[in-house]
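What follows is a single chain, given as structure tokens, in the form predicted on its own.
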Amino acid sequence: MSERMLIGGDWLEGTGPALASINPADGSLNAEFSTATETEVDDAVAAAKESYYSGEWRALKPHQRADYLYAFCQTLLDRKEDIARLQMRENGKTITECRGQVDQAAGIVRYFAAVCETMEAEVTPPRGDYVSMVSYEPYGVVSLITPWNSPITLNAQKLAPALAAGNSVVLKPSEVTPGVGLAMGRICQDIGIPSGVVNVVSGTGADVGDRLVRHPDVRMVSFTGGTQSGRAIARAAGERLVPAALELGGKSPNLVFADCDLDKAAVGVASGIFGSHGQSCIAGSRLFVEASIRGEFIDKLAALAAAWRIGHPEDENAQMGPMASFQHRDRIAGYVTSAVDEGGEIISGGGAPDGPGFERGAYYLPTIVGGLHHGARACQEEIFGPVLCALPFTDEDDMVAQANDTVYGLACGIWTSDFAKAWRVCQRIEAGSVWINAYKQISISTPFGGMKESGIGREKGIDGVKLYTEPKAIYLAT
């Protein structure tokens, strides 16, 4: 029997085709999942709408909703191993990273519980005989569409603030990792969140996701994923005049100056692209290294790449498991082939690892490519894998121009011992997050999002709850 979906408090079989979840470590079948058609999507939205207007959830005092979120946090931790292993089997992340992501997800939910019960409305300066104020009210039915790379944290990052704001939601997890979203739906049910407030439907973006975006009763859409899909969602939301929060792709640069701590920078650059299998929107996939240290720095990076521990995701010592799917592994390999065709040189990696067990899984080595011009496809398009394009520079102005010469603007790393230089370059870089002498440091308390085609809106931080609300101006005559 296929895994069922959560609609209106019931676990129901969908009428869409069964969805097979494949373990990328060995090609085995994890499970089959029931999927939705338009009928089940409409039922889920109707359940969310009914629960919203019944007021059972949104009418709770903020501290009462926060109590549920604290329970959500604790239940995540109580089920840590099961949820970590579920993600590991679905997308190939190492068990160590998956466990860490459960801890992060619990922290995300706990943070938004605290915001929920402490967030204040505003009294504005009056310009007449009245008291003027702003209250922040939920949209109603919100669609949450999440990707496959880090579903534990990303599902939590949308569910928690949307619920804190008082909305009812329909969550559509990626078809690659449906199990994690359903597990979170079960937690919401088990801790007593009223039926219909949280609904989880499985299926493809083209079918289920598209219907959720276009449904007339969906009042807001929150999406994390690829820029092409984000653009389509923005068009559909624009036609309906509903807001869409879009956290999209990246082609983020790491800028390494000759005066930096080379060893520290090498570790930071390597973890920025090879950590999380390179399957991260903020992966530092372009390296600009000052020409005077290029050889020395690339040697350090190549040594780190060669020593990166590739293994089965159940291996406690593995730093990298397989890519999330065989199809995605082949996509990454295709980009590396195109880089070579455009004059690139493989400095490290460039293929699947050798050894017993690797041939059955979707594995790919940490890869460094040099010798490319910045207009090459591998330098411009998001590969979403452990592939680093290394480019030298001699002039700061030219380097900044190249770093900004992309449709993306999500993140950037700057490595230098000169604070004035770091600050100057930081101000010129078009990116939503900039790290100086660090990379991929993420905090739920700090707004996150991108510039240009990397997205619209900001998640996280205190305003992460306001993202899921509409401000209402209130005037009280005196």
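Remember, predicted model here, so these are calculated numbers, not experimental data. For every residue, the number given is its place in the sequence shown, counted from 1.
The form predicted together with nicotinamide-adenine-dinucleotide is left out here; the points below concern that form.
In plain terms, the part of the chain that comes close to nicotinamide-adenine-dinucleotide in the model of the complex, with a heavy atom within 4.5 Å, is 202-210 out of 202-210, 262-270, 179-187, 95-103. With respect to nicotinamide-adenine-dinucleotide in the model of the complex, the three residues P147, F223 and G226 uniformly fall within 4.5 angstroms at the level of their nearest heavy atom.
Of the heavy atoms in K172, some are within 4.5 Å of nicotinamide-adenine-dinucleotide in the model of the complex. Using a 4.5 angstroms limit between non-hydrogen atoms, F448 touches nicotinamide-adenine-dinucleotide in the model of the complex.
Using a 4.5 angstroms limit between non-hydrogen atoms, G249 touches nicotinamide-adenine-dinucleotide in the model of the complex. In the model of the complex, nicotinamide-adenine-dinucleotide stays beyond 4.5 Å of every heavy atom belonging to V115. The single contact residue among I108, V198, L154, V142, judged by any heavy atom lying within 4.5 Å of nicotinamide-adenine-dinucleotide in the model of the complex, is L154.
Among the residues I233, A245, L391, M88, the one placing a heavy atom within 4.5 Å of nicotinamide-adenine-dinucleotide in the model of the complex is I233.
If you take 384-405 and check each residue for a heavy atom within 4.5 Å of nicotinamide-adenine-dinucleotide in the model of the complex, you get just F384.
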